[in-house]
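The chain below stands alone and is given in structure tokens; this is the form predicted on its own.
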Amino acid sequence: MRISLEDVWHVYSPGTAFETVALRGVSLSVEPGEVLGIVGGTGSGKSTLAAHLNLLLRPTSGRVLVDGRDALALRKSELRRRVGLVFQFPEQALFAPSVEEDVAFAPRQMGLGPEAVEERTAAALGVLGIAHLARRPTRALSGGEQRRAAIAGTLAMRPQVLVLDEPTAGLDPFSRRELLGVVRRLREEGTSVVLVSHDLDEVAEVSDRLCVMEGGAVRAEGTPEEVFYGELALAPTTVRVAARVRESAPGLGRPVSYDETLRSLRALIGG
């Protein structure tokens, strides 16, 4: 499934003293089976942009298209099943007595039968690596486990696009690595993932394409290599180190992720 934003503007509280222009003519697409990283500072518009992908927020002007069709023509329930949005700190919405019951809630609301609900619940728990926690009380989980349980609830709806807004915020390094591993697995299985983050190192690890937001507009867009090496001020530490080394060793290439950079540096030293 392909989602496109065409010249999307969004104004909060229009015509009042609190009027704020949050998006300024944003045109962007989410391609099938890719991880799109959306980065930017506080107030850059990245979370507002994410909320337009399933029309949780409607454009003040411009259009959101789903496979070329105006998203406004789709039923909200259908659109939000196909495009799952997970807010920052989603674990705050956990409510059922056990992990299994919480994850099963959305499939039940979709009207699926018991066998289908059970199958989807088990599959979502498996993808998130928490099948062993199925009968655990939700409030007895660690922070990272709660985050994964909350994401599993959205994943059980089988969205074609999963939008994650700051999914690793507040997590320890181990839990962060695990969640990034989930993002990679979802991409391998054909689910598009939109990863909204302020962490450049994080998006460098998993993104196929990047959109850099600033002041409600798209400042840069392209592959991580194109964006980071095109404007080093936007780049994570690994890329800035590699760029400095490339000044005297052009053969280093243009590595982006930590592992790519480490391998390139080792090859250079070994050579």
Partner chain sequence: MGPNGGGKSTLVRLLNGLLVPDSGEVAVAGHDPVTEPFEVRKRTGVLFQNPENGLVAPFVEDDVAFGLENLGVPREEMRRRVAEAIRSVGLSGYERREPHTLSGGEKQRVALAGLLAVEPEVLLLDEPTSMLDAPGRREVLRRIGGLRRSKTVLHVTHHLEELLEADRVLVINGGRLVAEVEPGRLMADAALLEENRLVPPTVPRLAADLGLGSCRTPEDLAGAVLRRVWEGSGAEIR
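Numbering follows the first chain given and starts at 1. These numbers were taken from a predicted model, which means no experiment stands behind them.
If you look for the form predicted together with the partner chain, you will not find it shown, but the lines that follow are about it.
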### the partner chain in the predicted bound form: contacting segment from 84-92, 107-115, 184-192, 153-161, heavy atom within 4.5 Å
84-92
### Message
Please determine whether each residue of L55, A71 and E221 possesses a non-hydrogen atom within 4.5 angstroms of the partner chain in the predicted bound form.
### Response
no
### Query
Do R136 and the partner chain come within 4.5 Å of each other in the predicted bound form, heavy atoms counted?
no
### Message
Within 4.5 Å, heavy atoms only: does L268 come near the partner chain in the predicted bound form?
### Response
yes
#### Entry: Interface membership of R120, the partner chain in the predicted bound form, 4.5 Å heavy atom rule
no
### Message
Although the partner isn't part of this model, could you tell me whether L180 comes within 4.5 Å of the partner chain in the predicted bound form, counting any heavy atom of the residue?
### Response
no
### Query
Using a 4.5 Å cut-off on heavy atoms, what residues in 231-256 are near the partner chain in the predicted bound form?
T237, T238, R240, V241, R244, V245, E247, S248, A249, P250
